[in-house]
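Presented as structure tokens, the chain that follows is alone, the form predicted on its own.
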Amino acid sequence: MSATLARGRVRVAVVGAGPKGTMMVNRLCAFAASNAGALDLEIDVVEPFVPGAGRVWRVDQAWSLLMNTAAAEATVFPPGPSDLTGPSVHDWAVMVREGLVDGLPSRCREFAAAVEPQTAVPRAFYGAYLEWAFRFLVRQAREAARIRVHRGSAVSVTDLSNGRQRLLVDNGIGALDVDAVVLTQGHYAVGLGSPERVKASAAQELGLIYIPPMCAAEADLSGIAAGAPVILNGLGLSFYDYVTLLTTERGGRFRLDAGRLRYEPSGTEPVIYAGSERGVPYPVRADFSPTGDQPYVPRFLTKAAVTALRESTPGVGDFKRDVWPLLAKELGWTFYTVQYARLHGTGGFEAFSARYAAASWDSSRMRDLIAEFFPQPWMRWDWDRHTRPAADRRFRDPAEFGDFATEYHRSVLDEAAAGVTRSPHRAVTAALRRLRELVRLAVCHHGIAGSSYRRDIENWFDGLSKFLVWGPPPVRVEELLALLDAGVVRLTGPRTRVAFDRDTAAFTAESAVVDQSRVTADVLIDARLPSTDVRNATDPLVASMLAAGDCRAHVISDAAAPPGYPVGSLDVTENVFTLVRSDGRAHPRRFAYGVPLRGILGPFGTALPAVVEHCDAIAATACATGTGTVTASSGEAMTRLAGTTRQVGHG
């Protein structure tokens, strides 16, 4: 990443120093190192919590809360050879075991002794890694940049007459005058949405407990009494966190009994009633299997195919029409490759492969081919069966549904243990996880029309992919099965609706397809994270910029329904991520990256190589603007500069 810079001093503020902020600092330092002698870089890191871990990954949270990423894959460093690279969590744990890391609490050292590549480590352990990684980066980069940390929160930013930016920071820090500001705040503070305000008001009026969407580690659960019914609304990753906090964190424990986990209650647990639209908690995550880390090379949904799609349908793409056929064919290929070997061996596979490649997805030709080689329904991949396990079945009571959910999770655990080479189901989920970056490239930055994004991504594919890919590690599912067996957790069923009953002055939950499922409780927890919607921001910095017209919510264009579909993401320019003002002009000295851009980048997460490329583009542009290489009004020039430093795709 190199560019011709005017010689000079540049001062950049990075607001937020969690994982994305740490990567941003890394790439700023890498840019400075590649321009040694021409660039004198100063970086002001603004973070109220400990840099590296930030708020979400702080080390003082419960050690029972786990990451859902394998230790070998979790890292905050760029891949490949670099002076600014570093270890994964697993490699760091090995360093800790070998006595190469100082200043850690004894609990970190004890846990490091047991970390394997596929271990799901505690979030607090990952936080310790992130804190170390930030300190390590500062030491590595001392020849490239001067890094100052300000332990406070940014509350406002204003333009100075010379084009520089005045960033006001609380906690007695005051004003920082810098050349550019990069926002990497992650989940910034937002207010309650309308449904949540109604629940909160009812709870306050009648003395009930309502916990709105938030990070489970920050929730106050102390008012929940032993044996009291609690409604958990949502069955994703936050559900697993709340279950842990309300069981083992209250003294319960698991023990092995004839090879199966059993739960021994402490007597202080509440009774947890949980439900959602799908009704089944997230199954085990795709990559927690013996061969889940194998690379995947796409055959049909390739980067070239995505590029061709974007060029052929600029701004009017339709996910179901344009992207889904390629993705479904790709995932079908992974399934039937493994299934063919299981049922037919290797003979005749080349002929099957050629015919599969020649057929369009869901065409009569494709359907006939699949029926020929896989005549029984159980032999075939069925999207509905795997993403809606209960389908349209009706259950006579919650106990029957609980038995169904238990059987489902045990079967998925068995598939995970088999791995991607022997389980067609795991082959699909592992491939989907690795294909999400290509899906992101297909839909991000106006890749599809706004109406398609709302209908096909937000209301369908986002939930489908998270259910199949983003689940917890195996131990969490095994614990859930033990808790279901002990009666501490009870599932209400699919199509669960949560309401407030004024006649009984209580919250209620009831499944539309499970008889006798209605429950009442004085405690309701919306088990999910809040949406980082700029229109609802209470974070002082974001809220003040919005009020001043210095930022706006992104609108996904739609020629059939102009101006398009508004999402809550901060609006930024493509490739260089400069903030867009309310009048549509890009601010050349303000940038944003990370969680607040989900509606632009796509809701699937961004692969590490792409994160590095994006941060490289921001670093090059911020430094070039600060030295005067790029004029303040030249948005097109900034985009060209980002392309010369390191070619980035749509993202």
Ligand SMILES: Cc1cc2nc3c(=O)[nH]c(=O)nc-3n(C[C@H](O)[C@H](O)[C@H](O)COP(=O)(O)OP(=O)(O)OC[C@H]3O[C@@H](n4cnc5c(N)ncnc54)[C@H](O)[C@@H]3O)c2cc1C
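Quantities reported herein were computed from a predicted structural model and do not represent experimental measurements. Throughout, we count residues from 1 along the sequence that is shown.
Keep in mind the form predicted together with this ligand is missing from the figure; the text below concerns it.
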Of 253-261, 536-544, 324-332, 91-99, the segment with heavy atoms within 4.5 Å of this ligand in the predicted complex is residues 536-544
Quiz item: Do residue 595 and this ligand come within 4.5 Å of each other in the predicted complex, heavy atoms counted?
Solution: yes
For residue 153, is any heavy atom within 4.5 Å of this ligand in the predicted complex, or not? yes
Q | Distance check, residue 46 to this ligand in the predicted complex, heavy atom within 4.5 Å | A | yes
(message) Can you tell me whether residue 10 touches this ligand? I mean in the predicted complex, with a 4.5 angstroms heavy atom cut-off.
(response) no
Exercise. Quick check: do 21, 68 and 529 each get a heavy atom within 4.5 Å of this ligand in the predicted complex?
Worked result: yes
Answer key: of 496, 578, 429, 185, within 4.5 Å of this ligand in the predicted complex (heavy atoms) is 185
Contact with this ligand in the predicted complex, heavy atom within 4.5 Å, among 33, 586, 41, 56 goes to 56
Across 120-136, the residues having a non-hydrogen atom within 4.5 Å of this ligand in the predicted complex turn out to be 123
